[in-house]
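Coming up is one lone chain in structure tokens, specifically the form predicted alone.
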């Protein structure tokens, strides 16, 4: 799966601090087609992009209380596509006026020896999974509907089983810091998907 498009703006020095705005929910398998039909009518691309990705989550434990986490992802159905390395910061949950979870986001394309490089740097793989699903776009918003598969034999992506009887649904926008108005657009879009799916601002810490 390709990285989300980066907002085009001039850079006069340093880097742009990109943030991910996120709403999440889930839909049972038997409701998938109804949701896809609704998204076809609402989104820019009537026919969704499909993806089949293998993701590995790496941890680096140091002096800090929680380990440093990086995610390495590769496409399994697009030959020659680059690997992607992703860092996701801690969610900023404090501002109740924001209608979406907000966290720092860095996503870069890399060469195929990414996992070897991470291991040499001292990271260790914590877990891995396969994600298979559909990708819709509405302006700068990205809507992913996908199922997660557990890898039964470490490193063997041909040996998998579905983790649940539902699909994850994620509505996200990647934009420069301070563009909080995008969460209003996300909330309005999410309202149009009810009652098929309820997309919410979910704090990952509550799931642990």
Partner chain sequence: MQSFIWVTDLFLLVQREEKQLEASLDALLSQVADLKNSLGSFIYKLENEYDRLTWPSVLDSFALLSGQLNTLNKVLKHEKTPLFRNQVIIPLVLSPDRDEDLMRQTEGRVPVFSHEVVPDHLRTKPDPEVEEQEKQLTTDAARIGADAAQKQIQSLNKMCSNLLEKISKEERESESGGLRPNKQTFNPTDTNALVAAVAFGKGLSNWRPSGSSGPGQPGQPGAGTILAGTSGLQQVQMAGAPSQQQPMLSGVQMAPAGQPGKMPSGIKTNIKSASMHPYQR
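Note that the structure is a prediction, hence the values are computed from the model and not measured. Residue numbers count along the first chain shown, from 1.
Absent from the display: the form predicted in complex with its partner chain. The rest refers to it.
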property: Touches its partner chain in the predicted bound form: residue 163 (any heavy atom, 4.5 Å); result: yes
property: Heavy atom of residue 71 within 4.5 Å of its partner chain in the predicted bound form; result: yes
property: Residue 109, heavy atom within 4.5 angstroms of its partner chain in the predicted bound form; result: no
property: Contact flag, residue 197 vs its partner chain in the predicted bound form, heavy atom cut 4.5 Å; result: yes
property: Proximity to its partner chain in the predicted bound form (heavy atom, within 4.5 Å), stretch among 163-171, 179-187, 45-53, 135-143; result: 163-171
property: Residues of 20-43 having any heavy atom within 4.5 Å of its partner chain in the predicted bound form, listed in sequence order; result: 24, 25, 26, 27, 28, 30, 31
